[in-house]
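Here's a solo chain for you in structure tokens, the form predicted on its own.
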Amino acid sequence: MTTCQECKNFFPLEEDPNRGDCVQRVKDPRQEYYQAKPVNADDDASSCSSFQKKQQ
């Protein structure tokens, strides 16, 4: 099982590394911006369409 913690879009919180944000860059016709969604590091990411394995 892949987890959110293994994704390059996961950024852990300083006060609790078991929680963090899934940060995505979004483009629309007028601008580009970032969206952040709170997730747990242990959440199952096997069905996530934006999962990208971290480079070691």
Partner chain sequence: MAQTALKDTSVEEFEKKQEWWWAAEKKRSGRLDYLRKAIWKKGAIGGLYAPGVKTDLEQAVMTTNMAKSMEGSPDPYVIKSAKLFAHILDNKTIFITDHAQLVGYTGSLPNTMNWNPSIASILNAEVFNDPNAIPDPVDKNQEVIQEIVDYWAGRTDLDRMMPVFDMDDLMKMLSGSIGWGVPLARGGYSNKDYEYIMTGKRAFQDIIDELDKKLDEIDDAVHEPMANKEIAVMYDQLNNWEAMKIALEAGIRIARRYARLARIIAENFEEDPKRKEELLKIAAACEQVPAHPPRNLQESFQYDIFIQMMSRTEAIEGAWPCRPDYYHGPYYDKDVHIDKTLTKEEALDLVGEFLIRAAEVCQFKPKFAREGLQGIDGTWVWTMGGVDEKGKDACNDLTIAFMQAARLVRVANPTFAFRWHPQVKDEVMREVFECIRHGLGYPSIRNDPILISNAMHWHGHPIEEARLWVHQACMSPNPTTKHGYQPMRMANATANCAKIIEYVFTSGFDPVVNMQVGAETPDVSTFKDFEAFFDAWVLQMRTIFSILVRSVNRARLLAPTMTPRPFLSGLSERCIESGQDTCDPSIARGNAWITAFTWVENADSLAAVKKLVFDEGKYTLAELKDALAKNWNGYEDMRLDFVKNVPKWGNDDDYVDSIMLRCLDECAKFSKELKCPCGNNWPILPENVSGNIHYANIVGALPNGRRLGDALYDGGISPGPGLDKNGPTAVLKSCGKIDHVTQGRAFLLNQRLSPTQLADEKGFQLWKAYMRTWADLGLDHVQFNMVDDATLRSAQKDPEKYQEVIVRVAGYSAHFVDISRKTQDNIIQRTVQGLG
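Positions refer to the first chain, counted from 1. If you're wondering where the values come from, they're calculated on a predicted model, not measured in any experiment.
What comes next is about the form predicted together with its partner chain, which does not appear here.
- Proximity of Pro17 to its partner chain in the model of the complex: non-hydrogen atoms within 4.5 Å are absent; the residue sits far from the partner.
- Interface membership of Gln35, defined by any non-hydrogen atom within 4.5 Å of its partner chain in the model of the complex, is confirmed.
- Contact check for Leu13: a non-hydrogen atom falls within 4.5 Å of its partner chain in the model of the complex.
- A residue is said to contact a partner when one of its heavy atoms sits within 4.5 Å of a partner heavy atom; Val23 meets this definition for its partner chain in the model of the complex.
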